[in-house]
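Below you'll find only one chain, the form predicted alone, shown as structure tokens.
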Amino acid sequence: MSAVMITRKVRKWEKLPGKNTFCCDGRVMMARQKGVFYLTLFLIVGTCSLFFAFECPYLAVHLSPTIPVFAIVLFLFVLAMLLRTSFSDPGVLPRALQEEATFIEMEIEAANGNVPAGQRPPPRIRNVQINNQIVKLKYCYTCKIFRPPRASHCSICDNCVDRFDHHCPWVGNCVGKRNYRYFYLFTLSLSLLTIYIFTFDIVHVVMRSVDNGFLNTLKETPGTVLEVLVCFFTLWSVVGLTGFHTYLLSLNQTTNEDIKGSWSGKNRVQNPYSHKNIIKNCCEVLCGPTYPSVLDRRGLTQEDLPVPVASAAPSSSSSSSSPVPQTTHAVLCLQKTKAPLIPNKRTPDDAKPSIAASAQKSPSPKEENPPAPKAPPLASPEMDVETSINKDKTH
């Protein structure tokens, strides 16, 4: 068996390293661990469905028809921000190619010099200046690159993410440079939706309790009780998360920088990315330009695939194994023997000279031996009949 290399074109997302999953031919990019994301989607859709089924019909008639309309608009906005955050590229940085990684390694070795045996080599760090502030760029041993400022390597997705904030299992993706604004709008709108549903759940119970009593109202509307419990326990976490990210937004700071204390350590280094103005910081994050993806997930690349091919058998074995047709075999036998044809009475007169000439030119193999006595030709029955007729005419 031998192999033949065949080149075919594939999408780049099929060859990207890391632990992400892709859907819709690379248009959707998520983390592999998506169980909590499905739980988030179920809680939002389930709670809103109960609200639309139990509270909205009653509140639209007895209070205002704009209540369900605003709830639908808010629900669709929350769903759109969630899917936009979960299905987008957070700002993953491509890994270095083999030639680039080799060149970077040579540069590092040349800069560090020869390290004596037993000594630890110096850390791979580069210093850049941003707003008169020295910022260190760390080397990623997995991606083989010097990470840009504010980038970090996500251990769950196994990728370097630009302006890495954190990996959020509730949205099933990392939160970075390209989807942070959608994440913040998702948490903000979800907080408003939770407060909205929780408030009108209480209003619905109070209005029904005036006529039917509190206990009878709880028995008649079990969905309302379930909504109140879900909203009560999720309200504190969602509102608290929104308040924390509002604080980070006002300082133009990420969750990763806040946890590590990058700008509030012992040295009291100031944040070089802050504009010292809350409005400017918020506008930069929420209203800044939309950065394109640098992965080119749907681009085309070539891939070589080995295809096994069966080797050809020897010619002798193939010729012996393949049967020869009967007609071909008969023709070959005639060509080998080349026996002269004897003309008879039925042979046409035009063919007799050619047959006689061919018989003289191609002697049979038996002529090579000593000549044997020729036997007299046998008379055919037709010749006997003609002879007897001639004799009768003579007499």
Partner chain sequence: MATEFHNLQELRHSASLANKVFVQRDYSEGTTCKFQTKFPSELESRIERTLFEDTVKTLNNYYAEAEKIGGQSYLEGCLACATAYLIFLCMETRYEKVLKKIAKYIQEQNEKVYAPRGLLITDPIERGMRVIEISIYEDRGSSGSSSGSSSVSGSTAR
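Owing to the predicted nature of the structure, the values given are computational and were not obtained by experimental measurement. Positions refer to the first chain, counted from 1.
Just so you know, the form predicted together with the partner chain exists too; it's not on screen, but the next bit is about it.
- Of the residues Asp211, Asp304, Glu220, Glu99, just one reaches the partner chain in the predicted bound form with a heavy atom at 4.5 Å or closer; this is Glu99.
- Put simply, of Ile156, Met207, Ala80, Leu226 only one has a heavy atom within 4.5 Å of the partner chain in the predicted bound form, and it is Ala80.
- The chain is drawn here without the partner chain; in the predicted bound form, the stretch among 234-242, 212-220, 165-173, 72-80 whose residues come within 4.5 Å of it by any heavy atom is 72-80.
- For a residue to qualify, one of its non-hydrogen atoms must sit within 4.5 Å of the partner chain in the predicted bound form; none of Cys23, Leu41 and Val203 qualifies.
- In the predicted bound form, Lys138 stays away from the partner chain, with no heavy atom inside 4.5 Å.
- Contact between Arg126 and the partner chain in the predicted bound form is found at the 4.5 Å heavy atom cutoff.
- Residue contact with the partner chain in the predicted bound form: Asp258 places no heavy atom within 4.5 Å of it.
- Although the partner is absent here, Phe103 sits close enough that one of its heavy atoms falls within 4.5 Å of the partner chain in the predicted bound form.
- Annotation for 138-167: interface residues with the partner chain in the predicted bound form are Ile145, Pro148, Pro149, Arg150 [heavy atom within 4.5 Å].
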